[in-house]
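Starting off, we have a lone chain in the form predicted on its own, written out as structure tokens.
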């Protein structure tokens, strides 16, 4: 197989995967959304949830995206150091995004920052966004796709605190972010919290937290407790689906952390709405592939 053949193969598969991801929630998100619906006690909330599921059903029937804001495609990549086609990845993903803009269809959202002109195909300067991790002793390419919509991006925040501010400042920061603009991000939300030493690494960690499979927990007991406490506290706000009175504003709170500088505590928050369009796909060195997000689907 040549590099060109590998690029074309990946572009074709990823176009179909992006189309699928724009129309259908991953299995774990769909299951957790049903749990939220079944646990709600408010009749008004029941009506809102039924509209959510009707929308998801119609997206399947009509072969259309499940949200009109298909965002901007982001790719979080774990590339094996021995994967032979690394040079084909970025051009393949750009090609897939441009083609899926027509075939899915995805709403053209990419606007050049300084000319303020829409590129028309969701590509542009550093777009689609690619975040790379290199994995030693692996020949696989793992890609997490994510549609970053405006409603989920607007509540994003990051701040660096002094250690004297204490960890209570982080909790207040999270509550301020979620109880502010995040009310407009179509709850129930997935709340990603990044804890580190500066704006950059806390921001990346908060997005990685959003992308974790639902039901997973922080590996440290204190991190897991923080996730549970934040979720319980946020859901005690009395806000539900669509920001109306209800029992839960969040499906999950995920925390990702790194070591911090002795003189800083950095925190960041990213949220995802109920249409959490995140999918995982893995390419092998022979360009065969498998995906784990949508059972019973053949691309």
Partner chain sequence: MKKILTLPIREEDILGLHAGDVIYLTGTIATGRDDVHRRVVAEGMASPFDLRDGVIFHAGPIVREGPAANELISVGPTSSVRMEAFEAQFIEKTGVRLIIGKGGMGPATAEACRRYKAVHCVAMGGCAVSAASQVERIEACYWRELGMPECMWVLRVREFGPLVVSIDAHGGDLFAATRAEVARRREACEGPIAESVKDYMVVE
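This one's a predicted model, so the numbers in the text were calculated from it and none came from an experiment. Residue numbers count along the first chain shown, from 1.
Note that the form predicted in complex with its partner chain isn't included here; everything after this is about it.
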item	value
Proximity to its partner chain in the predicted complex (heavy atom, within 4.5 Å), stretch among 75-83, 107-115, 129-137, 209-217	107-115
Among the candidates 62, 39, 259, 31, the residue which, in the predicted complex, approaches its partner chain to within 4.5 Å (heavy atoms)	62
Proximity of residue 239 to its partner chain in the predicted complex, heavy atoms at 4.5 Å	yes
Contact test in the predicted complex: residue 225 vs its partner chain, heavy atoms, 4.5 Å	yes
Proximity of residue 197 to its partner chain in the predicted complex, heavy atoms at 4.5 Å	no
Contact of residue 151 with its partner chain in the predicted complex (heavy atom, 4.5 Å)	yes
Site test, 1, 190 and 291 vs its partner chain in the predicted complex, non-hydrogen atom cutoff 4.5 Å	no
Residues in 43-58 close to its partner chain in the predicted complex, defined by a heavy atom within 4.5 Å, in order	44, 47, 48, 51, 52, 54, 55, 58
